[in-house]
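Read the single chain below, which is given as structure tokens and is the form predicted alone.
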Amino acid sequence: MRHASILSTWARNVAPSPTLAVDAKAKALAAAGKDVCGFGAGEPDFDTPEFIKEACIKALRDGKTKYAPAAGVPQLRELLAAKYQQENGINGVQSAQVVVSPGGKFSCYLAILSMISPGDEVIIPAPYWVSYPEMVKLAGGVAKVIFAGQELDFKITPDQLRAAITEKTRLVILNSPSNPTGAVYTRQEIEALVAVVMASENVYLMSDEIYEYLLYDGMTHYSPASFSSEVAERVITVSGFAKTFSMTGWRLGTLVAPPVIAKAVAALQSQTTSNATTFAQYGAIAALEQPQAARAAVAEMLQVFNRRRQLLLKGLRSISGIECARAQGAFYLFPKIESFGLDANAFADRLLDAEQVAVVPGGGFGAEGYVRLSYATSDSVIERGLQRLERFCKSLG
């Protein structure tokens, strides 16, 4: 206890990531010889495409092992600027507005850190990605949560957003496709939320688009910054290479923002991490320079994810007591389990102990009564996990 008292306010109050904690516990059980069905990890189970790995290997052999500019390798920033103009429809993006960071998580944190001063409010729709409130806390801000449950398809309404904005509101976070729910906002829904933001002076939007390519059922992704030049002046777009190209361990995040914000983010990065790993950025360059190979890799993953999504959804809906919405993006399902009379933590702990099935409790996502299952795992794990989950639920009555 004496040692705990010397820790900073930030270190004492920040919560560890529950998703990483569940994944670590599941891996420890597996290492001990247990047959664990893991639905906790938020990363694709595919390997990084070979052409991306080869580009990184070549960069190493070519001596690309020194410091890079803090905001990223110029060639990569130029390619990203072109990508956001051509694919996302954000007009006039310049490479100076792009910052490459060591991971999409750090891109989000730098966006928040660049905008939030102590006491500023950040509106976060729930269910939310576990790290958003903690990032706001680390910046000295106040997280203001708006909840949208299954009855709202896990999507907040303009009226909810309008009611939550105060004179202290500085930033609104939007994540579509969503982690943990897989919900995808339509263009009309995003436009309605953006209109509320634009009607509020000095309120900005952080659009987390890390799952932008992982869409099903004919859904389309829309970047809020593409709606108009006026809107683009109020939007920070964050993304990365982790989910799209199965590059989670590469730690490459991206950020596109108005020039003054991008410059501030680059300055913050220069004093924290210096730059994202230099040779890894050449793998990302290959992903953007070889669009045909990139599209083929994404299409292959999507086909498998879609099959798994439907397999897991059908199985969950067949279990008495579980309700589950049909996710249309990312690689998660977010079933409601409150009918069993256990809070989500107890449900997840008992499920792991009794049946060696790892799920993430919804409390960490701001949604008690739900659990998150990732279908970024094999068909066999999904099938065995569903059998065990059904047996566990029956044991609860």
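Nothing here was measured: the structure is a model prediction, and the numbers come from that model. All residue numbers are counted from 1 along the displayed sequence.
From this point on, the text means the form predicted in complex with a small molecule, which you will not see here.
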Review point. So which stretch, 172 to 180, 268 to 276, 223 to 231, 79 to 87, is the one near the small molecule in the predicted bound form (non-hydrogen atoms, 4.5 Å)?
Key: 172 to 180
Check your understanding: Taking heavy atoms and a 4.5 Å cut-off, does Arg251 contact the small molecule in the predicted bound form?
Key -> yes
Exercise for review: Using a 4.5 Å heavy atom cut-off, state whether Tyr204 contacts the small molecule in the predicted bound form.
Suggested key: no
Exercise for review: Considering only heavy atoms, tell me if Val136 and the small molecule come within 4.5 Å of each other in the predicted bound form.
Suggested key: no
**Study point:** Partner proximity in the predicted bound form: Lys243 to the small molecule, non-hydrogen atom cutoff 4.5 Å
**Key:** yes
Practice item. Go through Tyr213, Trp129, Tyr109, Tyr216 and name the one with a heavy atom inside 4.5 Å of the small molecule in the predicted bound form. Key: Trp129
